[in-house]
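Next up: just one chain, as structure tokens, the form predicted alone.
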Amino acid sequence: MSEHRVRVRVEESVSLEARTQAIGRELLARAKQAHAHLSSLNRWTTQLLRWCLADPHVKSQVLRFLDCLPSLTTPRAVVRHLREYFPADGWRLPAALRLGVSLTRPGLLTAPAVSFMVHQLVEQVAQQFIAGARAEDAVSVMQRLASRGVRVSFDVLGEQVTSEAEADRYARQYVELISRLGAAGHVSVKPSALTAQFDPLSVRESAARALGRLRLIAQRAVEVGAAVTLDMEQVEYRELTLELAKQLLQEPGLGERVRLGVVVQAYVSDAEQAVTDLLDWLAQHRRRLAVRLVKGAYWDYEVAHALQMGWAVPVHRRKWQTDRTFERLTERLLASSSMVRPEIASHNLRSIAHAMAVAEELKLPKDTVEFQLLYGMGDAIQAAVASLGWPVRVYAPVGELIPGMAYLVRRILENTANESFLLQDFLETASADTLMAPPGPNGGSHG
């Protein structure tokens, strides 16, 4: 590379960084202003989350308890597990759980009363992050957020079905939800819930089995003008999920009409190559696709599973590596906006500001890119992004609260980097320099 080209690249990099910093500080200022006017977590939820996230052993016990709670069919089973996971001795429990554990002692409250209290407490937390149990709740949430200039993508809770009949019910739920949402509808579908045999060892066959149900969902979406995104789950399902998307895009009469999206996880080590391959396929087949860029929500599972099996770990081992990849992929996707609609899904102010700066540098209209956040998290950031005129969408799960705890566990407890965003105290405690530090071994990785 010539000296002139090197100098130009360096100057562009410096300019992009300066604009990223300026936008980030403006976002932070606007988020602080909005914070006072938006609803925050209730007192019990805040206390419980602080406790859950404060200690790795406590967090592990919470994960185990919440994971088994939906299967505890009797009050006695709930009480027994509560005693086993949270012994009264030596635990600094939140007041509500401390009371619950103490009341399990013989001669005090009955098991049904304690079980009821535990379910109420868990549902109270879940309601902060799950939009509702029914399709009607989704419509209400969509209308409420629309009044704030925020769009919604709904996810029907449920993963890895165990029978084809269960997969049929899952697909029907989406068809009903899309019908209720209408043209403003946007849904996110778990591919593993579209067939009981979602097997990464037989990619084309599994995709073909799932395609029948996805086709029904996509056809209804086309009829009402809604959009569908295929969520990305474990790394082992990535090739299969992308194959499913490609098969749908090649469906005669449907592939060229459906508003389809997929997810790219930046924490996967070869994410950049996967995006290159996807862009090549889109160019070859003349198809357009929305791409939701996320950091990734299965890090603990991916690392533990790979180590257990003796495999190479498929994800970045350091947070800053994921953040750096996220910025590179942001630049790549925005530069390819003729083939993809970039959807930047992050609560990290640095990541959001960087995407805005890149879009400005490429002179892209603001509606070219969309910023996505999780329901119940970062309301102040949502307001700040929207106030600058950028499209904002919230990812909101709907479904029964207790069975939906798998979602809550993964989104809230597994990723401790989200702690300050859950509690929104970063607006008062974190400095702009910390939040906006470039990703690197000694740089920023907040959020």
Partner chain sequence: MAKPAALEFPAEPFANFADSRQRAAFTGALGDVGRELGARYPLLIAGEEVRTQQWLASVNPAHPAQVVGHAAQAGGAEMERAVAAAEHAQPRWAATPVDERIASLRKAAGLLRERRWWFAALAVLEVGKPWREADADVVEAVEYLDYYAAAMEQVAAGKAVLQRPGEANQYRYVPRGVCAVIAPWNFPVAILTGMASAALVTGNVVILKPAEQSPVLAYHLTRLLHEAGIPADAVQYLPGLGEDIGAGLVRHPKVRLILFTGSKAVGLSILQAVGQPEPGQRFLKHAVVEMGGKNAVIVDEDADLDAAIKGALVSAFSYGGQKCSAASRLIIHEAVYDRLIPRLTKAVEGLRIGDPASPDCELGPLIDEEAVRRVTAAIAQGGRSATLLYQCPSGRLPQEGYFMGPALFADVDRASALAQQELFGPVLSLFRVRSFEEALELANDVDYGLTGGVYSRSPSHLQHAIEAFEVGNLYLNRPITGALVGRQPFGGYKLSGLGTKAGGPDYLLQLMIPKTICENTARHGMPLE
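Note that the rigid core is defined as the largest set of C-alphas that superpose within 1.5 Å between two forms. Positions refer to the first chain, counted from 1. The structure presented is a predicted model; accordingly, all values stated were derived computationally and were not measured.
The following text describes the form predicted in complex with the partner chain, which does not appear among the structures shown.
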Although the partner chain is absent from this view, report whether Glu236 comes within 4.5 Å of it in the predicted complex, heavy atoms only.
yes
Partner contact for Arg287 in the predicted complex: the partner chain, 4.5 angstroms, heavy atom
no
Hey, in the predicted complex, does Glu256 get a heavy atom within 4.5 angstroms of the partner chain?
no
How about Glu205: is it within 4.5 Å of the partner chain in the predicted complex, going by heavy atoms?
yes
Please pick out the stretch from 79-87, 261-269, 124-132, 277-285 that is in contact with the partner chain in the predicted complex, where contact means heavy atoms within 4.5 Å.
79-87
Sole residue of Cys68, Ala29, Ala36, Ala54 within 4.5 Å of the partner chain in the predicted complex, by heavy atom
Cys68
Which of these residues, Ser338, Gln197, Gln250, Ser140, gets a heavy atom within 4.5 Å of the partner chain in the predicted complex?
Gln197
Heavy atom within 4.5 Å of the partner chain in the predicted complex: which residues of 277-310 qualify?
Gln308, Met309, Gly310
Verify the C-alpha shift of Tyr395 between this form and the one not shown: is it 2 Å or more after superposing the core?
no
Align both forms on the core first, then report whether Ala384 has a C-alpha shift of 2 Å or more between this form and the one not shown.
no
Does Leu28 count as moved between this form and the one not shown, where moved means a C-alpha shift of 2 angstroms or more after fitting the rigid core?
no
